[in-house]
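Given as structure tokens, the chain that follows is alone and in the form predicted on its own.
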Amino acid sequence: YNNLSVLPLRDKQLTYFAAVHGSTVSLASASADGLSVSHRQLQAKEGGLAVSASIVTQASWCVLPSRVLLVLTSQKGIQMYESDGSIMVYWHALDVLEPPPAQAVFARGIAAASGRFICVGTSSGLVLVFDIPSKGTNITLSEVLEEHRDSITDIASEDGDADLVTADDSGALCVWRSKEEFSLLTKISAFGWTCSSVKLWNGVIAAGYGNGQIRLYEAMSGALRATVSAHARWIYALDLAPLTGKLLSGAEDSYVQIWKLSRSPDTGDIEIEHCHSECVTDTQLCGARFCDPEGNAFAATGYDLSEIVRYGQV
């Protein structure tokens, strides 16, 4: 899921893209006009004497006030790099001595939180909270959140009272408040489908599921506010444009849908409207992201697709 990460660099007029292919991460940077493109591959380094390269499950940029880190999750552990992928600043091995025979071990789900933490999910349902210094490599594992029983699929955050949401393979969601320590605010029960992608915006949780539905919840209470039958097949990516409330969903049915979230000025209720539909022909989408905070452009990746496709508003 969520096999695309985008980092817009306004001051340099550049956009960075990261997509996972097996044991490598493809990094690309492109100018706004698309004329200047550079590309390199990042091979996942392993701690110790790894015989074979492990499969990377996700790559994502985490933007903190003082620094930006590129975080990779894999079957062996968690790696944090400087934003351009040039220097590895931290490596955390997944401590599994003898996993059960039928159980895969991996990390997945990455989000920055509260301006100083990076949260990473694991296949055992644990969420690892790392305390990130403003510079240097003195990164520490400060807390472990033990609430999920199934593999973590995705993590999202925003500044607010309910500022972290974690999702798992069963479809359960947990909402957290992260200050000095993390506290559980509410738990949203599963209903039979995996929640593959989750986002937070203005106290609204947007969650995408294996049945093609998007569900909108109040973050503080966990109350369900809207259900949208958005796609014919499994949703593999959601993204939110923080400045406008635009919501993007990408799925196995080859479609990227653009929605607009808002709150009614009279009642405060969550409202959603459909804005645009785009078919990426013959492509099972596995990643989609907005390229800017306003949501004026988006990019998508697909299975066996050797390119990242970018779309812009005209």
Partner chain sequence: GKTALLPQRTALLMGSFVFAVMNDIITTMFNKKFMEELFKPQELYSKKALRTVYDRLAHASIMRLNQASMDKLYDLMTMAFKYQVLLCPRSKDILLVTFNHLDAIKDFIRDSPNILNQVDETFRQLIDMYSCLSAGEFQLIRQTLLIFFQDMHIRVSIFLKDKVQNSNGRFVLPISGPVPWGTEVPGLIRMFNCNGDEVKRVEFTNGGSYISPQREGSFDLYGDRVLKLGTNMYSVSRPVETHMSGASKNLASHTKENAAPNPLAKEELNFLARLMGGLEIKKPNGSEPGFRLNLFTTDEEEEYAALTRPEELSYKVINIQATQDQWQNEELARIMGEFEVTDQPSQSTSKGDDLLAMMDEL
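The structure displayed is predicted, hence computed values, not measured ones. Residue numbers count along the first chain shown, from 1. We call the rigid core the largest set of C-alpha positions that still match within 1.5 Å between the two forms.
Omitted here: the form predicted in complex with the partner chain. The next part is about that form.
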Within 4.5 Å of the partner chain in the model of the complex - does that hold for a heavy atom of every one of T227, Y236 and S254?
yes
May I ask you to check whether R40 falls inside a 4.5 Å heavy atom distance of the partner chain in the model of the complex?
no
Close approach of H231 to the partner chain in the model of the complex, 4.5 Å, heavy atom:
yes
Evaluate S157 for contact with the partner chain in the model of the complex, applying a 4.5 angstroms cut-off between non-hydrogen atoms, and reply yes or no.
no
Taking heavy atoms and a 4.5 Å cut-off, does N211 contact the partner chain in the model of the complex?
yes
Contact with the partner chain in the model of the complex, heavy atom within 4.5 Å, among I55, A28, V68, A32 goes to I55
Residue among Y90, W193, W176, F117 with a heavy atom within 4.5 Å of the partner chain in the model of the complex
W193
At a 4.5 angstroms cut-off on non-hydrogen atoms, which residues of 258-278 are near the partner chain in the model of the complex? List them in order.
W259, I270, E271, I272, E273, H274, S277
Rigid core fit then D266 CA moved by 2 Å or more between the shown form and the other one:
yes
